[in-house]
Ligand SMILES: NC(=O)c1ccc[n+]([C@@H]2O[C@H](COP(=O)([O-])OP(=O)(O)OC[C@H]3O[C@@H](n4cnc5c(N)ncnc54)[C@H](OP(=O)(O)O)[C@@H]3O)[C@@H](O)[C@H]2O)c1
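Shown below, as structure tokens, is a lone chain in the form predicted alone; questions about how it binds or moves come after it.
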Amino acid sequence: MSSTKVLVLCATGKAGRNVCKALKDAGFEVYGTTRSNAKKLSDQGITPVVCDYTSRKDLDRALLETGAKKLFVVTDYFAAAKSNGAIEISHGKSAIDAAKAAAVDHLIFMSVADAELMDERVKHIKTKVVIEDYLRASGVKYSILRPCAFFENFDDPANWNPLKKGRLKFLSDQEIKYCATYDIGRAAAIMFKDPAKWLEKSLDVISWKGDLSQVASALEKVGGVKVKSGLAMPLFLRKLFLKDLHYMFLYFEDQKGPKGEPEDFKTFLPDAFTAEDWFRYHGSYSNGERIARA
């Protein structure tokens, strides 16, 4: 039945693949958009939909072909929009317009916690504010999930930060609030199953907080190997070459944002992942070697 079908955009991306898995684990019939790697989805039990999710024509076709009346929307500032805020906003608006035309009964948009409070120089997050506003005015039935920093960034070979045995690097060593993308999917499943409670509402996804040494300690406990942690680059280089991310981290570090706390999210999802939970769930280093001791 269409009521159990969910179409997830950008399904092979960092967030999308785990959102798909969580929705499937929750009992939904999950369809995921992909431009080319259909096998990656089908191997996980997700029905692939070959689709350029940034194209309105493709979105209309994907919604028609799947019959899905639930839609999980992800936008991608850095890759799909090529670091152009206006393009990312157009992608978000296009997805919302397609949902409206297809009479989708519940759209969940993945935004960012405290997006409206961050510095204007954090361009990849300020775009989310515009898309949120457009969604609220669209007439589409919606909910908004607002995650913080992803645990997945600790194993991100595409951005030159693979997770290596005995070594942990990140762009900040200060206390930061984190979440797992799998928990974003679990939160979406709860919202999709109880729309009466969650329509026109938003929820911050924040499950754990700690500094880099505490993340390293969590990895040591799971893997049984001493972990050396440190900055992926000096702060002056972060500011010079990664301005957008630099000012996001300043909000995390200096203003202790986002304002929500893990305890708040755990009233909604009591078993939300800690750092240790995430390393166990993630399971392996970038080279495929298992993390957890036998």
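Each residue number is its position in the shown sequence, starting from 1. Remember, it's a predicted structure, so these values are computed and weren't measured experimentally.
Keep in mind that the form predicted together with the ligand is not shown, yet the notes after this line are about it.
At the 4.5 Å threshold, heavy atoms of residue 31 stay clear of the ligand in the predicted complex, well away from it. Contact annotation: residue 207 falls outside 4.5 Å of the ligand in the predicted complex, judged by heavy atom distances. In the predicted complex, the ligand stays beyond 4.5 Å of every heavy atom belonging to residue 58. The shortest heavy atom separation between residue 79 and the ligand in the predicted complex is within 4.5 Å. Of the candidates 275, 15, 272, 23, 15 is the one whose heavy atoms come within 4.5 Å of the ligand in the predicted complex; the others do not. Between the ligand and the residues 202, 217, 153, 138, the one pair within 4.5 Å by heavy atoms in the predicted complex involves 153. The stretch from 207 to 215, 194 to 202, 110 to 118, 161 to 169 that comes within 4.5 Å of the ligand in the predicted complex, counting heavy atoms only, is 110 to 118. Taking the partner from elsewhere, no residue among 180, 238 and 279 has a non-hydrogen atom within 4.5 angstroms of the ligand in the predicted complex.
In the predicted complex, 52, 53, 54 are the residues of 51 to 68 with at least one heavy atom within 4.5 Å of the ligand, listed from first to last.
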